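A lone chain, given as C-alpha cells: the form predicted on its own.
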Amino acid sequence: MKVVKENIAEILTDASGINIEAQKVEVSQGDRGDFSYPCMQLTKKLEKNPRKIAEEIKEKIDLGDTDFLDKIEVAGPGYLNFFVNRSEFGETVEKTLSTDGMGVDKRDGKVLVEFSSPNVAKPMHIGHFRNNVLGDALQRIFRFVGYDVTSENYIGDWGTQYGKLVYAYKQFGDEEELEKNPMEHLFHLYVKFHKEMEQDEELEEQGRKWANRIENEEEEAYGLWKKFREISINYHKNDYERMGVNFDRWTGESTMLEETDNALEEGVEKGVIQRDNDGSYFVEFEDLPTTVLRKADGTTLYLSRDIANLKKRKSVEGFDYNFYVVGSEQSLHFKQLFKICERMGLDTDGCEHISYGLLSLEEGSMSSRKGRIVRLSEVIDKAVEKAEEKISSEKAMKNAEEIGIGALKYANLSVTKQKDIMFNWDEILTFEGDSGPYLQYSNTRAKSILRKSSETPELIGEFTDDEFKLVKKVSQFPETVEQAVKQREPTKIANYLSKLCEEFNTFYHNSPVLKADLEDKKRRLKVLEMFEKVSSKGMELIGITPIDEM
C-alpha cells in the first residue's frame, strides 16, 4: 500500500541520511516480511557493504516511534524486511478504500481521448474491438483519477473512398436493397468497386471525380454521402451499445474542412508547408519521409485535417492532453503530424499517440477492400452464445451479454497494448481460468456471501495468513491504477484483478465465513467487503460489468 511504503521510505531516509523514494520499497511475501528494501541501492553513496548498511540502518530505527511496524529483519546480501502490524495495516486499508478516490491521487486537467473512429460504409471488425475497449478503459481510468475527460468518436467520413462509394452506388446500387439492409449493401458496393477496379483502372479516376463533387457539395454526390454517413452512424451505435461504450461527442473529418484550409495556408506562410508546381502541398523532413498534405486536384488528406484538429483541441478548446488511440501501423502518421505542428509553432505538449499492436487473422491480415474481416457484431454474438452455453441458472441467463462481452474485453486487455494478437476463436472466447468471467464469478461469490449474512462486517481479532494476503493484495489497488495512468496501460488493472481473484479464491477455499465463529465471521466479512469493492471498481475501470448472478 502506498501510504505504508511512504512511511517506510521516510523512516529509511531519516536513518540513512539519503532521500529514499517510496517506489523503491518493495512488496514481499512469506518469511521475507510484508515490505522490503534492497540496501544494495545505497552501496555507491555510502561506500559500504550492503549487508553492513542494512544492519546499521536497522540499529537506528526505533520501533517504539511507529505503530504500524512490528519487526524489522536483515536478510540475504543486504535486504531490510519490514513486518507490519496487521491490525493497523487492515484499518489503514479500510480507511483508504472508504475515500472517494479509494486512495488514488487526484489529478487536474482536461483530457481528450479520441478512439474508435470507424469509416463510413464499413462495419466494424474484431480489430476495432481492441481499439474500442482500450480507448473506453482509458477514458474510464482517467475520469476516475479526477481528470475532466472528453471522449470523441472522430469518424472517417471524408476522402476519395467516399467518391468511390457514391460512384459504385450509381453503377451497381439498388435503392430497395439499401433500404432493407443498408450497411450490408454499402459494404458489398465497397468490396465490389475494388474488385472491379482490378480489371479497370479507370474506376480510380471516377472515384476521384465523385470525391471532388462531394467536396464541392454538389447536390447529388453530397446528398448520397450524407445519407451513407447517417446509415453508418446508426449501424455503429448498436455495436457501441452492446459493448457499453459511450462517447461525449461525435465528430468527423468532414467537420474540419474550413479549419484545414486555414491551417494549410498558415503552414505555407510560415514556410513549413511547400507548394509544388502541380498545385499540391507537401512537407519535407530530415528524418522522415516526405508527405503530401493536399493533392493537385485540391483534395485534402487525413494528415491535413489532423493538423487543423490538433490546433483546435489545444489552442481553442484548451485540452492539456490529446490522446489518439490508434494502431501501431499509423506511428509514422503521428510522427509526421507532431513534427509539422511543432514546426508551425503549435502546442503539442500532451499530444500522444496511444499505439497498440495489430490483431490479425490466422489466414492473413484483415482487408475491408477484399471483404476479409471478422465482424465485431459476429464476435459479440458468438461470445454471448458461448456464455449462454456455460450458464446453468435461469436467473443468470439475463447476464449472458455482460458475461460474453466481459470475456472478449479481458482477452484484449490482459495482453499489453503493444503486443500483436493473432485472432483465434478458442482463445478470444475463453471462459476458463484467467478470463473475464473468472473475475465476474469471483466478485459474484463475494457478493453472495455478503448478502447471506446479517452480521455487520468489522475488523476485529487477528488476521490469518490467507486473510492478510488478500488484504495486502486489495491494498495494491491505488498504486495499480496510478501505474495504469502513468503508462496509459489498462492491462495493469486487468492483470492485477486476475491476481486479486486468485488470492480471493485461496481465501474462499481455506476460510469459511458464514459458519465461522462470530469474531472470525465479522472480520472475514469485512475482508470480503473490501475485496468486492476493489474488484467491482477495477472491473468498471476496464469496462467489464460486475454482475450479481452467474
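For every residue, the number given is its place in the sequence shown, counted from 1. In this text the structure is predicted, and so the values were computed from the model without any measurement.
Just so it is clear, the following notes concern the form predicted together with a small molecule, a form of the same protein that is not shown.
Fill in: the small molecule contact at V326 in the predicted complex, heavy atom, 4.5 Å
V326: contacts the small molecule in the predicted complex.
Worksheet item: Does the small molecule get within 4.5 angstroms of any non-hydrogen atom of N85 in the predicted complex?
Response: Flag for N85 set to no.
Discussion item. Taking the small molecule as it sits in the predicted complex, is Y281 near enough to touch it, meaning that at least one heavy atom pair lies within 4.5 angstroms?
Written reply: Contact check for Y281: no, nothing within 4.5 Å of the small molecule in the predicted complex.
Practice prompt. Using a 4.5 Å heavy atom cut-off, state whether G156 contacts the small molecule in the predicted complex.
Written response: G156: yes, in contact with the small molecule in the predicted complex.
Worksheet item: Within 4.5 Å of the small molecule in the predicted complex, heavy atoms considered, which of F431, Y441, F334, F468?
Response: It is F334.
Item to complete: Just give me the single entry in E114, E479, E402, E94 that has a non-hydrogen atom within 4.5 angstroms of the small molecule in the predicted complex.
Response: Exactly one listed residue reaches within 4.5 Å, namely E114.
Worksheet item: Picking from 287-295, 203-211, 117-125, 67-75, which part of the chain touches the small molecule in the predicted complex when contact means heavy atoms within 4.5 Å?
Response: After filtering at 4.5 Å, what remains is 117-125.
Discussion item. Is it true that Y302, D306 and Q330, all three, sit within 4.5 Å of the small molecule in the predicted complex, judged by heavy atoms?
Written reply: Yes: Y302, D306 and Q330 each sit within 4.5 Å of the small molecule in the predicted complex.
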